[in-house]
Every structure is written in structure tokens, then in C-alpha cells.
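This document starts with two versions of one protein chain, written out as C-alpha cells and named structure 1 and structure 2.
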Structure 1
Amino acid sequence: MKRLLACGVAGVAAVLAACSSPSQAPSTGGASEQRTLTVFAAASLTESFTALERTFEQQNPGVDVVLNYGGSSDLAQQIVNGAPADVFAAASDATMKTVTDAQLTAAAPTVFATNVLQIATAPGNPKAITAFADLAEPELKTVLCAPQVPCGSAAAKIEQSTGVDIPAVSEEPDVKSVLSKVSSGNADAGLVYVTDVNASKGQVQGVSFPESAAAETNYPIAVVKDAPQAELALRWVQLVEGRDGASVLGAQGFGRP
């Protein structure tokens, strides 16, 4: 990923100009025009979409993919508020619905991946956590995603179905923040996606629990209505849903719908 989106929303043309480097201006001498594709994606897609960014840019010379990662609910609200985006990939159907209810997708979203929660602990699992019910222990410092974020919503669904009440010491804006709390030693455990545990490369240890299947998360993707780069946006969706996307996402631990 070359950079994150860091511009305001004062109009598509102004934003793209502000976000572009000098090398992105149309060049002379017959070179292809430089174009920017802006993708809003759930934080749990960071590793997968960053890998696909490289593939896409190789397949589409002159294109710079700008990936804006964050909590799906925050990203959805940014799009509703007018943030310029070409593609939105969410970590739940509910957060995508925020955008579709505002009639801001060019076509109906499609689900390209699934995910389940896993308990993240310090390497070696020093607190000997073996089950979801263990997270109810008051002496255990557990962090969760905020309830409006897909990973937080999934955790709440499991709490409700099991009757287990987790006394979380903090609620974080996305799974990467939860993971950081655990890997830094500021928390004993956290609920993240299995893909985030895989992406940590040993910084945390994952504990699977059967109740997670009841809160499997869909990942929908859609081209944003009136996208500045609608053609490129469609190509990105096709890459994610195609063979290359399946390979990258599968290696990270995502399921296929």
C-alpha cells in the first residue's frame, strides 16, 4: 500500500488532485495516463488487499491503488457523508446496508469471503484460556471491538446466544486495535477474526471455539455509485472475486461463500 486516503471530501476533482503525487499528473511523450483507484476496506482485509494491490497495479500500468482501511461502520458512514470512493468492501452485511440504503452502490453488493472470530492471547496462552466462557472471568483483561463494528457485533451475538457476559476492559474501533492491545501485553485476551491471528505472524496465539460458527461474518463488496474510476473499480471487484483473490484470501484464512 503506497499511502492511506488522507484528503477531505470537498469534491471529487479537488480530492483526487490533493491526494495525487506529482508523478500522477498525465505525462507527455505517449505515456499512459496516471489514474487513482480508491478502495475503502475493512481493517481485517489489510494484508489480503495490500497483496492484491500489487497484483492490480502490475496488471493495470499507470494505476495507483489507494487503500483506506478502518472499521466498516466508520467507512460506510464516510461514504454516506460524501467521501470519494470507488469501491467499498465491508466486514458485514449490516454495514454494507448503510451504503445500499442510501442508494450509493452502482449495483447490488456481492459476498466474496467469510470469516469467524477467534480468541487472541499472548503466545503460549499464559492465562490458559480454552473456551469462550473463560472470557467471563472478571480477573481476565479482555478487549472487544465496539458493538457497532462488525467484529463487536459478532461478539455480542455469541454472548447473547451463549449467555456469557464478557466484562471487557475496553471496546476498540477495529480488530487491528484489539490485536494491538493483546500483542502489546495491555490485555490478556481479545476477540478478533481468525485471519487477524494468522496475520500477526506469531505475535498472538489463537484459541478457536465452536460457538464462533453461529456468528460467521460475510464480506460484501460493491462499486460505489458515481465512482470516479468506475471501470477500474469493476476490475478490482473482479480481481477480488476471481482466482487471484481466492488464492490470497484463502491463504490468509478467509472462507469462500
Structure 2
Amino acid sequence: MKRLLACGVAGVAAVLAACSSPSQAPSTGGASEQRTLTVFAAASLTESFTALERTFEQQNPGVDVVLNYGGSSDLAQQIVNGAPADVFAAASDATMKTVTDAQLTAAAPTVFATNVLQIATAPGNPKAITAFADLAEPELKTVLCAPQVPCGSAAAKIEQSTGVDIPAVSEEPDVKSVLSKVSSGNADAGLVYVTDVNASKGQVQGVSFPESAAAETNYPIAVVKDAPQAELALRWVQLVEGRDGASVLGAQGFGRP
């Protein structure tokens, strides 16, 4: 038992040392100093930001971009609790507000992309779903996001404006869970973002519906206050909002604000 404990302590110490080393590592050369830009981004930005990371590192030699993807509200909570982020890109105004309310952004956030919901069905759309109102069918197993998360509040907004009541069999905690319930064939339909359908690479089929425009989701971005790499952070925001960002985001299905 004692030995086990000693192992545990040694293990924890090793992990802590490993975690803290990048910031303390001596730089190898004076001019080509290695710098790390830490970007916290909503999970739905994974494909786009990973593509932009390559562009940014080519344009800024010696810079390593570290991307931390997650649920927007988790990331916001982490930043409020002191996580060392340079940039925060959220999937909703509400989650960005958590950070601005704590006065932790360097400047007011700007919206760089928009997203709309789409109905995800099995490939080939076997249940022949063509409109939002089709989801009211009680025989259909429809999965939504819970109203507490952005994709769920968008779905609830559309339900309210159209008067269509969807008898959901499950309200998932995030959009990727909805997608997996549809792609695994356990649900007939789910409401996800159009970018999620594109990122699923054919595992689900998307059905657009005009009512989705009423619940467009904004993607705000901001430099975090007292960011360790404030100048690089600003350059990242410029890249995302510039022409390169627009083409990458557009290819994933994001809209322009």
C-alpha cells in the first residue's frame, strides 16, 4: 500500500512537472523564440479551426497554436475559473456573456460566423422527412438537444414560432450526442447544426427547412483579458474574420454575420 501511495505521489509530481514545463522551457534561439497561442473554441469549430491553425502557423513561424475544443459553456466556465486562454470562440452569445460578465475579455466580442439548424436523418432519408412540421409525428423517434444548451434553445425557439410540438424521445446534453443517436440508427431524426451534418461525412443526411432562419446562432470571438499572447491573439481573430477564415468557415456550412 505504501509503495502504491509513493507511486501515486511520484506520478502526480511527474504529471505536474510535464504540464508546467512548456511555459518554463528555455528558448532555444533568441530571435526564433517558440511561442504558444492558446485558443479555446466551441466543438463545432473543430474542422474549421484545425484548418486555420495550419495557415496561421505558416504565416507566423515559431508559433504553435494549441486548440482546446469543448462545449462552449464548459470552456466559458474554465476561463472564468482562470484557465490560461488567449482567444475564446463560442457557439452562442449566451456562453460568451458568461466571460464578458466576468469582465474577462480584452475588448467587446465580435460575431464572426452564424449557424442554423438542419434536420438530420439516416442516409437516404427513409422516413421521407421534408419539413419541420413532419417532426410532430409521434411515431417518429426524434432526438433534440436539451433547452439548456444552445442547439436546444434554438430548437425550442423554432417550436415556439411555428407552433409545432416535437415529442422528443430524448433531450441530449450536446449536439454531437444527437448526431450519434441518428447516425447509429437509434433515432429517426434529430435537430443539429448544418455544420454538424457536413462534418459527419455522409453518415447522416441533412434536410433544410426555412423556419431555421428564425433561430440563427451567432458565433462570437474575443481576445481574453490579460492574454499571455495578446498580440498573437489579435492576429488569430483577424485571420478568422478575414478572407481565409471566411472561405474555410463557408466550406463547413457556416454563414456570414
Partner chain sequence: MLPVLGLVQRASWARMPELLLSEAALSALRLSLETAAISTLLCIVLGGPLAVVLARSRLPGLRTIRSVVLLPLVLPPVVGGLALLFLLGRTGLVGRGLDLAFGVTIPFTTAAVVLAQTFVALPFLVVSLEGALRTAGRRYESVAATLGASPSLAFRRVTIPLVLPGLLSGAVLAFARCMGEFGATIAFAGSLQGTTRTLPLLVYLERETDVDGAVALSLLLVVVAVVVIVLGRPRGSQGVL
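The term rigid core refers to the most C-alpha atoms you can superpose between the two forms while keeping them within 1.5 Å. Counting starts at 1 and follows the sequence of structure 1. Remember, predicted model here, so these are calculated numbers, not experimental data.
- Note: the form predicted in complex with its partner chain is the second of the two, structure 2.
- Once both forms are overlaid on the rigid core, the distance between the two CA positions of K127 between the two structures is 2 angstroms or more.
- Superposition on the rigid core between the two structures places the CA atom of V87 less than 2 Å from its counterpart.
- Here the chain moves as two rigid blocks between the two structures; the smaller block's rotation against the larger, from C-alpha superpositions, is 14°.
- In the rigid-core superposition between the two structures, residue position A187 carries a C-alpha shift of 4.2 Å.
- For V178, the Cα shift between the two structures is 3.2 Å when the rigid core is held fixed in the overlay.
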